[in-house]
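Shown below, as structure tokens, is a lone chain in the form predicted on its own; questions about how it binds or moves come after it.
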């Protein structure tokens, strides 16, 4: 009897009404704390999206889907999707190719790690416009880069690194690398180092440890970094205009939407182009993040079978 009575704790003696009241207060507190964030999302994201989606069907003639038909029926407008992909995908892959081995090396403390991290994060504070302006001065025909090549007698003709697709890719790579770097660094730092030590004790070399242990565990972080970087670079606008060729190979889909809105004053067509751009970004997010989830469900489901 004494043992049984001793096991009765205060929560067990509480009435159901008291527990329900506590849960209600906790839920109400959560609602109050989430309220400002939900309101902000509704005002800044949900409402503009719904308004733009409705506006995309606003047309004087041709039916409700005329703006979409006009966009996909015009070869020049349709080419903006491919032009944007040719900028966003290489820039994202370059950032991943540089950040993966770098963050793998920096998963452990190295000399000057804070300085190196701060150096890589600096472009995030500059913005795309300032980066593009700096590139015009540094990589232009009379910039420091080409002057240095001429001084070293490497080449007599200036390299064309601006006002083309190469310049935009360089600009996007510089601007978005801090995001990719910080995401992967935070993710790889959270992987248990004992896994790699165990593989080393079993005789696995450095490449084998990276390929068979660290890289598979980094897949979720890589997928997240890829998705966020691709969405940001797919919405490229200032770089495509300032260091690209906006009338040709760097006429991106965001520029097409801007021209429709502020040159032709056709806000319905501009909204339709923006919805197409957003749909492509959402589709890429679904594919990448869905593939990541499927990758991690596979082993567990296979084990159960």
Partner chain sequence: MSETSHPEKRTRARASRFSPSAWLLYAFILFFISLIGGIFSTVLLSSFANTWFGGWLPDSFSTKWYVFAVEEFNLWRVLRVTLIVAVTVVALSLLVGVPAAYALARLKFRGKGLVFLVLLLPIMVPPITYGIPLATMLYEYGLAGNLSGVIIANLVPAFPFVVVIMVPFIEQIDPNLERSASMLGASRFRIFTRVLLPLAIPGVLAAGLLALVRTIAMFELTFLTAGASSQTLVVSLYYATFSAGIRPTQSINAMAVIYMAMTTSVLILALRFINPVQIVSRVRQ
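Positions refer to the first chain, counted from 1. For the two forms, the rigid core is made up of the largest set of C-alpha atoms that agree within 1.5 Å on superposition. This structure is a prediction, so every number in the text was calculated from the model and none was measured.
A second form of this protein, the form predicted in complex with its partner chain, is not displayed here; the remarks below concern that form.
- Within this chain, residue 186 lines the site of its partner chain in the predicted bound form, having a heavy atom no more than 4.5 Å away.
- Contact annotation: residue 105 falls within 4.5 Å of its partner chain in the predicted bound form, judged by heavy atom distances.
- Contact between residue 76 and its partner chain in the predicted bound form is not found at the 4.5 Å heavy atom cutoff.
- Taking the partner from elsewhere, residue 66 is found to have every heavy atom lying beyond 4.5 Å of its partner chain in the predicted bound form.
- Contact here is defined as any heavy atom lying within 4.5 Å of its partner chain in the predicted bound form, and by that definition not a single one of 164, 169 and 215 is a contact residue.
- Of the candidate stretches 67-75, 122-130, 153-161, 80-88, only 122-130 contains residues with a heavy atom within 4.5 Å of its partner chain in the predicted bound form.
- Along 220-248, a non-hydrogen atom within 4.5 Å of its partner chain in the predicted bound form is carried by 224, 228, 231, 232, 235, 237, 238, 241, 242, in order along the sequence.
- Comparing the forms between the shown form and the other one, the C-alpha position of residue 46 differs by less than 2 angstroms, with the core used for superposition.
- A displacement of 2 angstroms or greater separates the C-alpha positions of residue 33 between the shown form and the other one, with the rigid core held in common.
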